[in-house]
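In structure tokens, the next block holds one chain alone, the form predicted alone.
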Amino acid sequence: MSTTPDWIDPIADHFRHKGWARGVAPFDSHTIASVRAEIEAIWEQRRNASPDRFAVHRPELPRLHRVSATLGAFVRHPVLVELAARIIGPDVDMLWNQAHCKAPGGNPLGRYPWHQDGFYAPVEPTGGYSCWIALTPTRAANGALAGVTRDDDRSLRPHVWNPELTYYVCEVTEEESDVLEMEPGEFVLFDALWPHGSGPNTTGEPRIAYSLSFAQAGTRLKATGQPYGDRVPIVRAGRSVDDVMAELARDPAGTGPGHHLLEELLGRMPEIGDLIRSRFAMYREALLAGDDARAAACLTELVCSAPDEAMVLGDLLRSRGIPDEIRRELRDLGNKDPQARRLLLGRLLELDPGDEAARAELAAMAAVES
């Protein structure tokens, strides 16, 4: 970005030294209200449709950019773009986004146990973060985010499986942690090694937050080397994607970062190449016509493009937390679906890096493909 707002510098410095930082971002109240309203509507829909007990008490609502134009645009909000460019670098993708809702009533299933995100999906290069944004007031009583704030140990802690919460859990002492109470619009940045969790919501009102994860473009899973996440571009060549794509729309023959981004999308998703080109054409038409609202909506569709069947390593696979259960699933699957088998093998290696049979099978699959 051309300039760095003064409010970012202390946040960036604290994050680099501690692995986490909190701050108040200059989101306007209308933005926060609209994001909350979208999430509440999606939560209501899924809560009524799902028999899953967690869908009622603490649903995980992932990949909201793919179901809501409002949230698809929010992942490129100027505040988020400025933070990412300042902290991560000149080429940044949004890898993952997820709403964290807690129903009122105090059910113990509404809590998130202590954990580190890096245990679930170790990636490289490091340096990315999650941005956890409060959309309602968060207090200890309604399950505010808690994290380790008084420990300089930046290692990955041992995790054990909790069958009740279907989660891997690490140990955190009361002396090293704090509950981080926040108002709507306040946020916490944290890296993959920051231990965090939250309690149940014992109040009579819902508690809602939105977490978005950003990382250097090209980030991959350590276990398999496969590209990770939804990979929605938000910064290229140190500039917002909105800026570089507008430049390309005004000069389609240009060879700047917008051109490279369009080629990147086409190269990554050749099976929907015609759709990507069509979405760029619609975006360009709206931009040149001065229809800013339509252009913004078209750009959101363009950068959020994905094949209908696209899976994200870390979506449904991350819910699979027991290596022996994955091995059973692999036995049942056989060779009926090579892509599903590849994804399951990758998840198995995340959980059990010492499984040489899984590693050898993945290597053999890669050799055949090459």
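Since the model is a prediction, treat every value here as computed from it, not as a measurement. The first residue of the sequence shown is number 1, and the count goes up from there.
Absent from the display: the form predicted in complex with a small molecule. The rest refers to it.
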Notebook entry, point to check: Just one of 230 to 238, 67 to 75, 82 to 90, 95 to 103 has heavy atoms within 4.5 Å of the small molecule in the predicted complex; which?
Noted result: 95 to 103
Next item on the list: Work out which of Ser211, Thr136, Gln216, Thr202 lies within 4.5 Å of the small molecule in the predicted complex, going by heavy atoms.
Entry: Ser211
Next item on the list: Sort through His259, Arg220, Arg284, His115 and report the residue having a heavy atom within 4.5 Å of the small molecule in the predicted complex.
Entry: His115
Notebook entry, point to check: Are all three residues Trp20, Val148 and Ser177 in contact with the small molecule in the predicted complex, where contact means a non-hydrogen atom within 4.5 Å?
Noted result: no
Margin query: Considering non-hydrogen atoms and a 4.5 Å limit, does the small molecule approach Thr300 in the predicted complex?
Written below: no
Next item on the list: Decide whether Phe190 counts as a contact residue for the small molecule in the predicted complex under a heavy atom distance cut-off of 4.5 Å.
Entry: yes
Item checked: 4.5 Å heavy atom contact, Tyr129 to the small molecule in the predicted complex -> no
